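Form predicted on its own, single chain, as structure tokens, below.
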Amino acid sequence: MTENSNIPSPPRRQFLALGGSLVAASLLPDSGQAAPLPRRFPQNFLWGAATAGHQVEGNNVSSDSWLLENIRPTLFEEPSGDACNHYQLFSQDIAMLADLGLNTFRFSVEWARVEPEDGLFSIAELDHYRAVLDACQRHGVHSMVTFNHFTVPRWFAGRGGWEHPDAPLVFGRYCEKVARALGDRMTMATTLNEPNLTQLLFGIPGLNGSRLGTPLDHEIIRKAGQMTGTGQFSSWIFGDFEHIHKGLIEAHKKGFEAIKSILPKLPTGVSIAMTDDQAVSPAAIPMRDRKRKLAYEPWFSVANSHADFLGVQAYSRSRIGPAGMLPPEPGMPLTDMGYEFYPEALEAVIRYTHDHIKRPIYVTENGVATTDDSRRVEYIRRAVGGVARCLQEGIDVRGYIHWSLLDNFEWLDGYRPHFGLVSVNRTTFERHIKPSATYLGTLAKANAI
């Protein structure tokens, strides 16, 4: 188990500033009641925001996602294009994060940039990510580096992706190269982002249907295989989910072992997707438990043997009936992604996870898609309050990292959903800090709520 002593103390700017709690209270919705006394978080608690390479960097042309976005037919509303131009503006973005008062930046190294062809590793791209880590250190910000956040190199997808028998070894090779090149500057690392997502979304009946069930899906795979030159294609949303999941479990193990062989003291884990699963009746409990067994339990087992910590990523709750997933109750507020506005899901997920693993927990993603930023402030207030309650009861939660730092490319939905603490003009790339960013930064500076 990784101890807090392995993680550097937060920068001095993170300690309680005079009057910080008063500023935080002024940003809360007016409930007509006095704000509660601030609840202190542990001294080394991480407060941060997250990004993912493909979603913010732009022009990730060697990736599977770039191919899928630009071929016809496609399921993507629009291509990622220049995204937020974070590839060039990373130093500015990290400085902005630090100025807000956050002490942690979660970002991904883009595999398709580092290894654009099988076995060909780019020194220039590794130097780029070294510069990103240098910027974190320069601004007193901890780095949590994700080695793979969904996208893979086009050549990897064209050889069968995570379904290929050698995929775990290939991923382990990549992790070893990145660890050797960048490890002396990393604070923490995760191997994979949400490797259980397909099980979470499609593991039981009634949620979003099933991928690969239409002629369009098969035509996209056929065209993508043609474009790779191999006649085959497997990606995180296009392939045999059962085989992909098995490949990802083994890939995490190989990646973890590779990283730890180079950097035995680097806290290394994995981040999984979760929802607050609520059975609507006693008769629905077996279906709820079936979902948990498929989506979470394999990764709890992996975390207990091949991880120093587990990252949890939660956004809402799921209502489960005896026959499968149910929609939100009529009249419940929804986010711009169409799921329920329910910040309390995070607390429930942390408690459930704590009952099943023997490792520290980090919130590596939590947030809301909305164009009404006052709703984001409310979401953060309630979600972080749930983290505080877990801490008060002795649950080992060591960080809260919000998704996301920037309004970015949200995969099939393009740029329509807005998860960011900061908006981005997609023509000029000008950043605009939202009140929710200031609010989260105020909590971070006070290290209290």
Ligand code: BGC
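Please read all numbers here as calculations on a predicted model, not as lab measurements. Residue numbers here begin at 1 and follow the sequence given.
From this point on, the text means the form predicted together with the ligand, which you will not see here.
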property: Close approach of residue 47 to the ligand in the predicted complex, 4.5 Å, heavy atom; result: no
property: Contact test in the predicted complex: residue 194 vs the ligand, heavy atoms, 4.5 Å; result: yes
property: The ligand contact in the predicted complex: residue 315, any heavy atom under 4.5 Å; result: yes
property: Contact of residue 150 with the ligand in the predicted complex (heavy atom, 4.5 Å); result: yes
property: Contact residue in the predicted complex, from 93, 277, 110, 365 (heavy atom within 4.5 Å of the ligand); result: 365
property: The ligand: the contacting residue among 285, 262, 71, 337 in the predicted complex [heavy atom, 4.5 Å]; result: 337
property: Interface stretch in the predicted complex with the ligand - options 39 to 47, 385 to 393, 56 to 64, 409 to 417, non-hydrogen atom within 4.5 Å; result: 409 to 417
